[in-house]
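Take a look at this single chain in structure tokens; it is the form predicted alone.
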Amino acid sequence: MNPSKGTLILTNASEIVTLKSKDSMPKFRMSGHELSLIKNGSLIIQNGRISDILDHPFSESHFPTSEPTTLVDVTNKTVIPGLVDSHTHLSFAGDREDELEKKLQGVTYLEILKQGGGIMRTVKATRKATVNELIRRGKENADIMLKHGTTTIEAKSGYGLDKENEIKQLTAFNKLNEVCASSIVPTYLGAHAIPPEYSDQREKYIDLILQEAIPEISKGRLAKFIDVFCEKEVFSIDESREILLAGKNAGLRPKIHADEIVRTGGAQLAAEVEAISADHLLRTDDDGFNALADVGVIPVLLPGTTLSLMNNEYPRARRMIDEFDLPVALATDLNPNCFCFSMLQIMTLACFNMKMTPEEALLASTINSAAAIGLHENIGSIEVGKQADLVIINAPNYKHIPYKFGSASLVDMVIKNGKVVASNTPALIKTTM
């Protein structure tokens, strides 16, 4: 069923949401027609890329070809770009389902961490896991995410917290690109927490990151980005700056967990080091938003994390968009504390709890999220020449996505690099010419 050669054509789409960008920097202030919606249109895909976009149903007489051609009838369906999850902790060992009860009893995230739970519990399990076990777990997660329409996944380490085990995680992420249909983009997050064996020697652990881990990871091209959990009682602004700049000098582009639990000035640091993204931003103030806007740092908002922490205060997406013109992105933050696979569900949370419109939520889950991992020139929108990463939605328009929350049948088909990689309704493929 997957057309590995020849031409793939999608025809009779109720709506194609192209999200065609006007310039190289994604922007939010777009009225509905500027989503470049195409009604009753068709897409022609060749060699894994979009070769033509038609504003009418496909006709064989208009496209004569001797190549094998697979025609997919998407009548009453909506075609959107493949979803991009720009902040995940994709593969780790063990689960932490019992911590839900602690949170229900009022125990905070940082208190659970001090009790040996949270990150440290996952670190203990992940250190015991083999590379193959992490590959298997990562593939399981990525395959589920693919069925929910996610075709590109950023994946952070951070559950090894020593050079050997951080490299083990990053090695697994790179191997996942060989066995998964989706694309995996690795990020080094050795500064996720201070490991227990360095609890009284934090400077020594930071030196290990700076002097040993970063050079080896850079030399082996094991990661594209470097990230730091800049937070009270985790890594300070000064420590985060030193780590991010060392990574940047070694060729790893900075990202940062910023202002999630306490306002530390993480957003301003993101701007200072010219990070590609600043993530969480729950406590960021106007000075921080201004700093991000001035430099062009992309805010990645994670409403699933807020939900899992049972926090009723969500990131102020409306102010970021309306007052600071920030190109907000969304992501799941898939991890043992926020076990969410679905960007579709995240879009619903963004609309219901952060007052983003369906249009904004879709932009934030595609082109802006692609920009948050430096891939917006190749994926994230439906444009001639771009990679054919697409999702066929079982609805007549994109507004049904946050509206029909929790619907298992919303995704009809997923296309990656021009190949059908997941399908709930094989009957969509009608004809092979």
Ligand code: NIG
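Owing to the predicted nature of the structure, the values given are computational and were not obtained by experimental measurement. Residue numbers here begin at 1 and follow the sequence given.
The protein also exists as the form predicted together with N-(iminomethyl)-L-glutamic acid (NIG); that form is not presented, and the subsequent description refers to it.
When contacts are judged by a 4.5 Å heavy atom cut-off, R96 counts as touching N-(iminomethyl)-L-glutamic acid (NIG) in the predicted complex. Although the partner is absent here, P195 is not a contact residue: none of its heavy atoms lies within 4.5 angstroms of N-(iminomethyl)-L-glutamic acid (NIG) in the predicted complex. Using a 4.5 angstroms threshold between heavy atoms, Y159 counts as touching N-(iminomethyl)-L-glutamic acid (NIG) in the predicted complex. Taking the partner from elsewhere, T305 is found to have a heavy atom lying within 4.5 Å of N-(iminomethyl)-L-glutamic acid (NIG) in the predicted complex. Proximity to N-(iminomethyl)-L-glutamic acid (NIG) in the predicted complex, taken as a non-hydrogen atom within 4.5 angstroms, holds for one residue of T264, N337, S342, S183, which is N337. F229 is the sole member of F225, Y314, F229, Y205 with a non-hydrogen atom within 4.5 Å of N-(iminomethyl)-L-glutamic acid (NIG) in the predicted complex. Heavy atoms within 4.5 Å of N-(iminomethyl)-L-glutamic acid (NIG) in the predicted complex map, among the stretches 253-261, 127-135, 285-293, 76-84, onto 253-261 alone.
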